[in-house]
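A single chain, nothing else alongside it, follows as structure tokens in the form predicted alone.
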């Protein structure tokens, strides 16, 4: 079966997942599908106007320390962003426009690295353009594709599908209708997928 990887560019724990998910899936011989979406509309449906890590400061303090520990364990650079959460709309639209491109995973990793390792504002077209250049793509072409009506509609559809599945946070993994939430559930999702979703 295919493992759907649902990610949001503002998500801290998704940064940890994107760095390793391809290798984990490859080792398990599991097919991987990248599914960018937006958490903002989902949070608003729950009555939140901000990240729960900001709304609940104790939870936020824990998360930032947890990120430091985990990133160190994975050997990943980590810098707490000066602005959190950052707006990942443009990057998500580029990802939606590039769903069939072989360089998509590298682009995704580049955006997360810009946000959580370099403290760059990923809402800025110049930052997204730099990441596109880093994966040997013409920025203007892909920024234009990101602004196309069909691309915007695809991102809305992804977010609606995430809502229908009951996804409430990122990273999330779906095997059919079965949902696993959180960086620490990647192994469980892979195992479920290898069993063909039978448990």
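Just so we're clear, the structure is a prediction, and the values are computed from it rather than from any experiment. Numbering follows the first chain given and starts at 1.
Although it is not shown, the form predicted together with another copy of the chain is what the next lines describe.
Using a 4.5 angstroms heavy atom cutoff to another copy of the chain in the predicted complex, none of 78, 84 and 157 count as contacting. Note that among 162-170, 31-39, 134-142, 148-156, the stretch whose heavy atoms approach another copy of the chain to within 4.5 Å in the predicted complex is 162-170.
Contact check for residue 66: a heavy atom falls within 4.5 Å of another copy of the chain in the predicted complex. At the 4.5 Å threshold, heavy atoms of residue 179 reach another copy of the chain in the predicted complex.
Looking at residue 20, you'd find every heavy atom of it more than 4.5 angstroms from another copy of the chain in the predicted complex. For the chain shown alone, residue 59 is a contact residue for another copy of the chain in the predicted complex, at least one non-hydrogen atom being within 4.5 angstroms.
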